[in-house]
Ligand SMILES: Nc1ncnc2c1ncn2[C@@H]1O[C@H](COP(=O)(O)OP(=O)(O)OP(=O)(O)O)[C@@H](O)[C@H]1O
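Single chain ahead, written as structure tokens, the form predicted on its own.
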């Protein structure tokens, strides 16, 4: 059985000890990193996934047990072995109260150190495995969820819980990739028909001439190629929920037929005169501005009024960036192979936070999936991110910096002229209207 890889960080201000441990501890499945002080150790921990730390009790730039305390608070799944001198046994025992795994006295026995390292690593692996098992168990218990804690997402979850038990149609709007399908699944799972399968169809994938047949079914011989009768999605969704995504892609005639279903709970298969009753909950989604489509004559106004009785609008990801860390963590867990744990460095996370995400959650998912493939030692750096994403994030950051410089200069001039906006606009070389607009942006 192949050994699990172990990364060790040795922190000691004595170069001879660092060199000795680096030489003696390296074996095929193990990496050894070294740091001479607490500052260097913190840099390494930001960019590397470490399993076991061997730390000198006395470091030149760290007071007492401060580094141990910081490591145990901020680094997940790590065990710390303290190196102590003869007179530091009491301090080593104190260190174990703060989370150290064990301590080794100088001059240390390498065989005993190897044994302690192996036991510490096994403890790390066990803790990580237990965490994964708990997480998977929790996921099995959970229904599908919309990830986020921003105010807009809290509002959406409130609306979902309110409308789910009702039988009225729901129109879900938002940009492509924003999570409209997740909202539809949440509504279905919280409805009275949750025990039955949710039927989903993207209307953009329907051939226009066959859309009516796909939705309502057809009788044998009703058109060329109809060699046998066929049931449609409406039949399959009886006593359940039918979610029609990209509803704006349907023709006006099919929209009128769906309106009849909403009004009378009846439909006809293509080629039949007899109406069939159906009990179906209809959910719709679109990334189009349907009111504009109505004005252009491309969407049925009566149908829009009927499906828009209850609207849930999903904001684009760029408007709820406070949810990005949660979404990143979610995808790192969901997409990681073999339940591996991945860490994303601060600079990469900064790029993710500054990017505008035109493709919304779908684009974020794809980026995280790509980053996991490119990650080395399970560490995701900015080099794992698409080049265009990093460039766009840097440009955005530069633009924000320029805006901040401009703001500071304008407010400084306004203060110099004691609030006189006329003189301020003249010295800045801008119109008073432009000055008023900028001050409004600054809440001044």
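None of these values were measured; they are calculated from a predicted model. Residue numbers count along the first chain shown, from 1.
The next section is about a form of this same protein that is not shown, the form predicted in complex with the named molecule.
By the criterion of a heavy atom within 4.5 Å, residue 343 is excluded from the residues contacting the named molecule in the model of the complex. At a distance threshold of 4.5 angstroms between non-hydrogen atoms, residue 330 is in contact with the named molecule in the model of the complex. In the model of the complex, the named molecule lies within 4.5 Å of some heavy atom of residue 146. Taking non-hydrogen atoms only, residue 180 approaches the named molecule to within 4.5 angstroms in the model of the complex. The putative spot formed by 175, 245 and 287 is fully lined by the named molecule in the model of the complex; each residue has a non-hydrogen atom within 4.5 angstroms of it. Heavy atoms within 4.5 Å of the named molecule in the model of the complex are found in exactly one of 226-234, 356-364, 117-125, 268-276, that being 356-364.
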